[in-house]
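Two versions of one and the same chain are coming, encoded as C-alpha cells; call them structure 1 and structure 2.
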Structure 1
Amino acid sequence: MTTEPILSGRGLIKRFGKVTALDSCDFDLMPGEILAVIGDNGAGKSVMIKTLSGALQPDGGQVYVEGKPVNFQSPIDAREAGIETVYQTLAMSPALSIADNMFMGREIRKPGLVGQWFRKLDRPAMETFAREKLSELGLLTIQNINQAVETLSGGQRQGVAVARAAAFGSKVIILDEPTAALGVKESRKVLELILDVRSRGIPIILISHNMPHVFEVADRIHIHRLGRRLCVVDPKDYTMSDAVAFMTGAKEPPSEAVPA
C-alpha cells in the first residue's frame, strides 16, 4: 500500500510492574477506514489505544500521526491533534450534567465582556449543541440535558460518551467497546453513526467483542493477542470463526496476514 497511515505505532511497549501489557506492538490506521480491533480480555487492546490517545505514555516505541512522530503527554494533546476517544470506562463525571460532560475541557464561553472578563460559560449554546448531538444518535429517551450523568442508565451514559467523541473528533475517532452496554436499537444507532462518520472521511478504531458488528462495519480487522498485533485480516476473506480461532490461538494466522 502506498498511502500513509493516519495514525500508527511502532514497537510500542507498556509495562505495569511485572505485567507486560504491550509487547513491542505495531499498529496502523489508514485514512478513511474503519479498523476493528479484537482480542481476548486482557490482551492489551485498551492499553494500546490509551498509548495512542495520550492517556498512557509508552515505555518504548513511537506513535506517529500522518507519519510524524508525536509524544502525547496527556489526552488533551491528542485531542488537539483531532483524536477523540471513548474510553472503556467512559470518562464521565457522574455528578455533572450531560452538557457539562460533553464540553469538559472545551467549554464555550459567552461572547463579549462577560465571557472574556468573567469567563462565564455559555450554557444555552452548550445545551443546544448537546441536545442536537444526542438526537442525532437517537438518544431521545434522555429528557433533560441538565440531568446528572449518574442518573442515566449505563447504556445512555455510553451513548453520551459516543456522541461526545463523534461531535468533536476531526481526524480520528477511537471507540473502546462503545456498544457493550447498549440495547439492540441503540447499538444499531452507534453502528450507523460509525458508518456516517466514515462517510465524512474520518477513520475509526472500533474495539469490540461483538463479532457480527465487527464483521458488518469493519474494513480491516486488527487481531490482538498477548500484548501485540497478531495479524490484520480482511473481513471479506475470513469468517468470524476464523477470527476467533486466531484471536484465541486455536489456529495459526495465515502468513500473508501477518505484518512484516
Structure 2
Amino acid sequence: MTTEPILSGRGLIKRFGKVTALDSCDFDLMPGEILAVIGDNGAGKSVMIKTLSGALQPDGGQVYVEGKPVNFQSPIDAREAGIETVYQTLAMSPALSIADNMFMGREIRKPGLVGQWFRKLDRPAMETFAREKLSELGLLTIQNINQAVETLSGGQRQGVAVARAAAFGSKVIILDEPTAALGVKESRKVLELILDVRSRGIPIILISHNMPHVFEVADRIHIHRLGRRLCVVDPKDYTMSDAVAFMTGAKEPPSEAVPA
C-alpha cells in the first residue's frame, strides 16, 4: 500500500446558515482499502461524503484525487474522475430493467448514424455488459437481465447498485449504509460483495452504523465527531465498545490513533 491517499480532503468546511456541518475536516482513503466511516447522528458524515463526491461544494478546504486538487461541481464530475457513490436510497428506477438501471445516464448508443442522429440504444451491448458484471460479482440468482428492478429482493437491488458502482467506479466506491434495510442473509451477501470489489483493487468508503459489519470488513475506521475527523483506528487494535466511546465522546482516543 502506498503512502499517497487516492482520495483526500484537507480543512474541509461546509456551513448551512449558522450551522457548521464540517469544521476543518480532514479525510484520507488509501489505495486498496476498505475505510469505514462511523459517527453519531448529526456528526457530519453524510455532508463529508457528499462534499467528497461532488453533491455539495465546500465553503473552504480542498479535495484531492491521487494528490491532485479537484473542484467537483456535481456528482457527474466525480463520476468522470472515477468516483461512484451508492446512496442508501440506491437511486434506481423500480420500473426499469436491471440493464437500464445499470446504464442510467450513460447509455450505449448504436454505432453510426442510427445512434448518433436517431439516438437508438445498443440494447444487446448493454445487456451483455450488465450480465457480465453481475456474474463477476456472483449475482447468479438474477436470471433475467431485463426484469424490472421492483421485482428484485432488497439484497438483489443492493447487489445491482454495487455492481453498477463497481462497473464504472474505476478509482473509488462510496457505500452509504448498504446493509441498513436488509435481513441477515442479504446483509451477508452484500458484505461478500464489498470484499469481492476490494479484492479487485478498488478502494471502498463504507458508511455504516452496524458495528459488527464495520469491524468485520474494514481495514481502518475513520471516527467522525462534531464535524471533523476525531481519529482513525485499526479494528484489530480496538473493540466495538472503544469505537462507540470515542464516537460519543465518552472516551478520548489515544494520541497514536489521532492523525497528525
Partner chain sequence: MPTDRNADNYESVLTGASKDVASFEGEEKGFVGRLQEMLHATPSLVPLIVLVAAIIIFGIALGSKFFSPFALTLILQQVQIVGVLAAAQSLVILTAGIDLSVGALAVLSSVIMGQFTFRYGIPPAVSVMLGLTIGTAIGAISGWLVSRVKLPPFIVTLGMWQILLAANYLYSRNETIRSQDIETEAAFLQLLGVKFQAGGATFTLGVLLMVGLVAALAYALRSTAWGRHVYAVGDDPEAAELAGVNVHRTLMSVYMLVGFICALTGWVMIGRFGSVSPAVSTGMMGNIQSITAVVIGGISLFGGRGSIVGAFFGALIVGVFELGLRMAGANPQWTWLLIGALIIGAVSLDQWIRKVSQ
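Numbers given to residues start at 1 and step along the sequence of structure 1. What we label the rigid core is the largest C-alpha set whose atoms superpose within 1.5 Å from one form to the other. Just so it is clear, the structure is predicted and the values come from calculations on it, not from any experiment.
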| query | finding |
| --- | --- |
| Of structures 1 and 2, the form predicted in complex with the partner chain | 1 |
| Yes/no, residue 171 Cα shift of 2 Å or more between structure 1 and structure 2 with rigid core fixed | no |
| Did residue 76 shift 2 Å or more between structure 1 and structure 2, C-alpha, core superposed | no |
| Threshold 2 Å Cα movement between structure 1 and structure 2 for residue 121, core superposed | yes |
| Rigid-core-superposed Cα shift at residue 101 between structure 1 and structure 2, Å | 3.5 |
| Inter-form CA displacement between structure 1 and structure 2 at residue 130 - rigid core frame, Å | 4.7 |
